[in-house]
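Presented as structure tokens, the chain that follows is alone, the form predicted on its own.
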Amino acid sequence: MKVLVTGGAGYIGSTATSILLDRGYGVTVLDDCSTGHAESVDARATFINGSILDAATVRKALAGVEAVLHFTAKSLVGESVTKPEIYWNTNVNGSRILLEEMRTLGVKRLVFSSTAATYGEPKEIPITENSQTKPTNPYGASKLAVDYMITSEAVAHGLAAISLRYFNVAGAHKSARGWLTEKHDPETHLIPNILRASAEKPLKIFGTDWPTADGTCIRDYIHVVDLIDAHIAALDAAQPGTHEIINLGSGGGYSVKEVIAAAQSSVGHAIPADIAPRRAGDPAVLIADISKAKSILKWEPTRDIQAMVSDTWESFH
């Protein structure tokens, strides 16, 4: 099977490209490298450096393709609040163009990289696929809008589609060309920031008085390789005329102190950290129910927080 990976120069997309190629898939990558890195694209893939907002470029990228893994997106929550127009254009309009070109060319299989931000501040934990969707920022809202579009496309035109919703991706993948790891600027993710903490710039822990076992917030993490395994499983599981929403995660979550402990084990010394006040709007616990992924995709994570931190640490060196 030949697969188009949109956003294939990014952290997650480049990992998907490498793993797909290793497993015998043909791969075309479409990425404008506005946030991705051309050097991260596996040389075995066909690479089209262009925008998902250009229909002719998307049409070219879809040539000979049987399925799409759609990772292209703007994904910074804070930026989505100050520059929402970018998120509606890239995430929503870009996905609309992709769906239209897929329909025109008869490409009938799609796996969409959605987000648990579509749920907003959930009233129930763990979060199920039936939980209320009430995004609290334009990023989450734009991803939810794409999910609605995909549902309509599946019903009206027979698209076989699965959206995968998840929180925090971590870890790294050691490919034949070297480590594929996070290269975000700015870096907003906890694990890279823990590993880069220093006496001059200590990690900030936002509250140690939360109603959890160790007083710090609990969040869901998934290793990037486990994540791609789920995407590949979804390629096979998608059914014509159906759009499934499926959560991914660790199945239990990890506290900030547990992540720090894993990091300290990897680096061999204490992580400098300061206690800061709670941030407004932070829930104590955010984890996903992954029973549907286990049932439909026959998938569950195999790599724990120690593996995520250790791989990231090794990839930095």
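Rigid core here is just the name for the largest C-alpha set that superposes within 1.5 Å across the two forms. The structure displayed is predicted, hence computed values, not measured ones. When you see a residue number, it is the position in the sequence shown, counting from 1.
The form predicted together with a small molecule is left out here; the points below concern that form.
Could you tell me which one of A145, I245, A197, L190 places a heavy atom within 4.5 Å of the small molecule in the predicted complex? Contact residue from the list: L190.
The unique member of K134, K174, R103, K204 whose heavy atoms fall within 4.5 Å of the small molecule in the predicted complex: The residue in contact is K204.
Partner contact for V68 in the predicted complex: the small molecule, 4.5 angstroms, heavy atom: Contact check for V68: no, nothing within 4.5 Å of the small molecule in the predicted complex.
Using a 4.5 angstroms cut-off on non-hydrogen atoms, would K108 count as touching the small molecule in the predicted complex? K108: no, not in contact with the small molecule in the predicted complex.
In the predicted complex, S75 touching the small molecule (heavy atom, 4.5 Å): Within the cut-off, so yes.
With heavy atoms only and a cut-off of 4.5 Å, decide whether T151 touches the small molecule in the predicted complex. Outside the cut-off, so no.
Segment assignment from 116-124, 151-159, 236-244, 95-103: heavy atom within 4.5 Å of the small molecule in the predicted complex: Heavy-atom contact with the partner occurs in 116-124.
Can you confirm whether M1, Y25 and K60, the three residues that make up this candidate site, all sit within 4.5 Å of the small molecule in the predicted complex, judged by heavy atoms? Looking in the predicted complex, the three residues M1, Y25 and K60 all stay beyond 4.5 Å of the small molecule (heavy atoms).
Is_shifted W210 between the shown form and the other one (CA, 2 Å cut-off, rigid core): After core superposition, the C-alpha of W210 moves 2 Å or more between the shown form and the other one.
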